[in-house]
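Consider the single chain below, provided in structure tokens and representing the form predicted alone.
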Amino acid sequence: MLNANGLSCERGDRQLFAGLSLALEAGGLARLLGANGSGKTSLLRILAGLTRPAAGEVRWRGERIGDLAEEYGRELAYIGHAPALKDELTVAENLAFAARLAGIVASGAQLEAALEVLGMATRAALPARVLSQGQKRRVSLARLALPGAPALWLLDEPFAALDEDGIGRVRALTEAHLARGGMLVLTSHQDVPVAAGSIQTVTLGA
């Protein structure tokens, strides 16, 4: 369903990677490994259609993602390493805002349920500025627990800053997504096992 063929990426006069290919089908997980600066985030952004590769192409259901444009965007969730939260908004307001941006229509009860999945329902009325980094990460990931979550998840360091409870909740969330036939590409410096129908590892800078 997701095919990347012969991808190359350059940053300035430096080539981060070249000739990279991967393919994901329903229930598949791809882990991107590598040192800082090896191109993991750049690869995620290429797969999301946010950055153009120096060479190669990405296809979704057989079509070039550049031709699909917004149609492809509706079928993926890209969550970067930095929490995309507005400090002045509450936890619930931030999740509602993220849902609207993703084209997800969610009721108040659905927002609360999604926050409960990540252990943040009791903090729904708090402004984001008072949250720890781990709590902000949980709120960012909570939109994946909303109804109508897209088929393809591209997650940059989803376990970063999380405590043991948070890691367990995110792992359960991702495993449920894969069990439903979803797909997941993630970067992680932590060796967190995630059960999937198929697992492949892409090591950059090797």
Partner chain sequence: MTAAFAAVLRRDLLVALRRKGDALNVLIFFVIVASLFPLGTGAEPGQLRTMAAGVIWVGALLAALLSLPRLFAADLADGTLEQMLVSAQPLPAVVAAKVAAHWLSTGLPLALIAPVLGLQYGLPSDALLVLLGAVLLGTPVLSLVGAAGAALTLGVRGAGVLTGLLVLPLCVPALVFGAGALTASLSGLAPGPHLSLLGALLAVSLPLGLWAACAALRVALD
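Positions refer to the first chain, counted from 1. Note that this is a predicted model, so its numbers are computed, not measured.
What comes next is about the form predicted together with its partner chain, which is not displayed.
* Asked: Out of the stretches listed (158-166, 172-180, 23-31, 42-50), which one is close to its partner chain in the predicted complex, meaning heavy atoms within 4.5 Å?
  -> After filtering at 4.5 Å, what remains is 42-50.
Three-residue site V139, P147 and A149 fully in contact with its partner chain in the predicted complex at 4.5 Å by heavy atom
Not one of the three qualifies.
Given that the partner is absent here, does R74 sit within 4.5 Å of its partner chain in the predicted complex, heavy atoms only?
-> R74 belongs to the contact set for its partner chain.
_Is L89 near its partner chain? Define near as a heavy atom within 4.5 Å, in the predicted complex._
The answer is yes: L89 has a heavy atom within 4.5 Å of its partner chain.
So in the predicted complex, does any heavy atom of A82 sit within 4.5 Å of its partner chain?
-> Taking the distances in the predicted complex, the answer for A82 is yes, it comes within 4.5 Å of its partner chain.
According to a 4.5 angstroms non-hydrogen atom cut-off, is A113 in contact with its partner chain in the predicted complex?
-> No, no contact at 4.5 Å.
- Across 89-103, which residues bring a heavy atom to within 4.5 Å of its partner chain in the predicted complex? L89, T90, E93, F97, R100, L101, A102, G103 sit within 4.5 Å of the partner.
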